[in-house]
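Here's a solo chain for you in structure tokens, the form predicted alone.
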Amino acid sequence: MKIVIIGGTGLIGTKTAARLRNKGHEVLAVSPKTGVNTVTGEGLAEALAGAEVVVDLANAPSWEDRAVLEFFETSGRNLLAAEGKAGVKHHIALSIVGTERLPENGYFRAKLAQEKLIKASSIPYTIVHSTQFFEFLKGIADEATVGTVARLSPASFQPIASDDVADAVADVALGKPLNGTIEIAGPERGRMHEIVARYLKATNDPRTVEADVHARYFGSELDDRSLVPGEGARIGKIGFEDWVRHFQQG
């Protein structure tokens, strides 16, 4: 089976491609680096020729509110139209737990717009809502830091390892379309400020962390439901300590 991974040269894309190739599938991992651009349409028809499954892992080059919205809307329309012409049987997109709950977050609004395009399309689909990756913890700390202090929400937080994300996406790619959404998350739930503090300590980062219920996460205040999955989520196998150990060895 031919599977095309859009954004296939990124963190999740490379891991997902390797898993699918190991199972004997023909995998084409594409991105603007390989000459396939979902915004301009360059190389898209050629890449999708003969594909049964498309996994959309593309990410916007800019997170500025208008730019990220334009990216996901334009990319989504172009990709779904090309899939329709190619006869693709299953469209998979990776999105974020809580997209519908944080309207003040420009990135979340853009992902929600992408999801609406997918649901309105005639192509069978599965949307995978993931919690934040462990690999994103530094970025969360950086965005919240003033001087040497990162002020972060104490809201519930359940990050996941990218390897667990890739496992889930690969499994979905080989399954039947759900025409719905599944959620995935890491095995441990804690408080955002505490988990980020553990990460900074483990990586010998001298910054300190302070809890602030009004601290904004990329524009939004959080509560205990904002970023965590509901019942029935697929739970990853890799906990924080195991991930940190691997991260430090790598």
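If you're wondering where the values come from, they're calculated on a predicted model, not measured in any experiment. Residues carry their position along the shown sequence, with the first being 1.
Keep in mind that the form predicted in complex with a small molecule is not shown, yet the notes after this line are about it.
Next on the checklist: Heavy atoms within 4.5 Å of the small molecule in the predicted complex: which stretch in 123-131, 174-182, 144-152, 81-89 meets that?
Outcome noted: One stretch meets the cut-off, namely 123-131.
Item to check | the small molecule contact at G10 in the predicted complex, heavy atom, 4.5 Å | outcome: Looking in the predicted complex, residue contacts with the small molecule include G10, since a heavy atom lies within 4.5 Å.
Checklist entry - Given that the partner is absent here, does V36 sit within 4.5 Å of the small molecule in the predicted complex, heavy atoms only? => result Close contact exists here: in the predicted complex, V36 approaches the small molecule to within 4.5 Å, heavy atoms only.
Checklist entry - Heavy atoms within 4.5 Å of the small molecule in the predicted complex: does I6 have any? => result Heavy-atom contact with the small molecule at 4.5 Å: present for I6.
Checklist entry - So in the predicted complex, does L94 come within 4.5 Å of the small molecule, heavy atom to heavy atom? => result Residue-level check for L94: yes, a contact with the small molecule.
Checklist entry - Tell me, which of V54, V196, A58, V27 has a heavy atom within 4.5 angstroms of the small molecule in the predicted complex? => result Checking each option against the small molecule in the predicted complex, the one that comes within 4.5 Å is A58.
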